[in-house]
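We begin with a single chain expressed as structure tokens, specifically the form predicted alone.
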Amino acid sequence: MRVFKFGGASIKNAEGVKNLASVLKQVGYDQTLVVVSAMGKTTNALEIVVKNYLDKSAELQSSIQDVKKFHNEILLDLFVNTQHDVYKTISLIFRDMEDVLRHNKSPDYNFVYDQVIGFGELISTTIVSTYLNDVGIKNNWLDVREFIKTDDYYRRANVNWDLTQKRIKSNFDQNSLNITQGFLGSDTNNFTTTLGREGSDYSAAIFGYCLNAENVTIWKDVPGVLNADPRHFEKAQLLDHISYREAIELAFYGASVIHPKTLQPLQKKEIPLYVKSFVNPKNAGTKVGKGVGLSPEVPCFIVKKNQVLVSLSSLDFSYIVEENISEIFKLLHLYKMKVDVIQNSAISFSVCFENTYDNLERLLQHLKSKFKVTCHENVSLYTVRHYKEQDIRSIEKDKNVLLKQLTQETVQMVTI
């Protein structure tokens, strides 16, 4: 059993869908599960739909129409006969989405987000599955929400592993090619949940773990895992092999190629993860597994933009001790801040985090009641694994460094 994952970039247009079929023909698809993301920038477009809906904006119908138009152009390129059943099927999926918006009574952004955003994956997998069947690659379309069960922590749901394994073991046909959605699950009330942005990689790992897969492959528009994002760093190099431990470290620090949760279930069963190019599917790509920590041994560069750096000090110059730190972390948890770096001294405490849920103002108001607070928004967090002095100097050049933290293997710097 193999698990393949294709992201939005791989199916951003009709040519991408055709190429997905070509990849399957080249590498084989017996006993394979294909996990598919939403097409192109559909998730971003549906986020605009959610915003317009909750803002009661006059632009709501226009934003829905933009999503319909994008997918209809792909349909017309793939299915010349406009009487093909797929047109009716996609139309019904959009009608279901509009029914969700029409009948929803919840004001909770996170709940509404999950109920709407998942239609991107439902549409993409319907198109891909139908096209594959039409070109002779017979497959079954599966609704992932019937298999991956979670709690109701909307937008970052936690997997109910026991129930998920039972569902997959009892309802999954391993002898066929199956197509399903990434990113999605459902809670005990069968409401749609999402696993966090880029969660399709995690979906593939969940299935890989539950199916005892031979391997999991993530197909991307890059040759494999690079030691740096070429959009931000020059001379990025391909990594041939990464150990689970090193890959988890890179994912934790924000490497964009692998989702932070993806590797943990695979490591438990020592299931290899491959990251390969859907442009050159026969190339080796990168293998993540047991063995060599990093090959070749080069520094790895990661940058996370749009972070928030908050520095705290006590109002009376007393020590920042365990009681204070415990309270700070309770507030960070309460307001759903994902912490990336912490640094403390006797009378100060600094923390760099992501304001994913837009709760920054409420957090700051709470903190200001007990601490002197300095806040820097839109900062960049640079992380270098296996750094050398020249790597630090190259990042610091022409930047204002607000925070710097070094360990034996890793340096992190917050800059503006």
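One-based numbering along the sequence shown. Note that the structure is predicted; figures quoted are calculated from it, not measured.
One more form of this protein should be noted, the form predicted in complex with adenosine-5'-diphosphate (ADP), which is absent from this view; the next part is about it.
Proximity to adenosine-5'-diphosphate (ADP) in the predicted bound form, defined as a heavy atom within 4.5 Å, singles out one entry of 137, 342, 228, 298, which is 228. This chain lacks the partner; the member of 9, 403, 14, 21 within 4.5 angstroms of adenosine-5'-diphosphate (ADP) in the predicted bound form by a non-hydrogen atom is 9. Only one of 219-227, 153-161, 315-323, 290-298 places residue heavy atoms within 4.5 angstroms of adenosine-5'-diphosphate (ADP) in the predicted bound form, namely 219-227. Taking the partner from the other structure, adenosine-5'-diphosphate (ADP) in the predicted bound form has a heavy atom within 4.5 Å of a heavy atom of residue 198. The shortest heavy atom separation between residue 256 and adenosine-5'-diphosphate (ADP) in the predicted bound form is within 4.5 Å.
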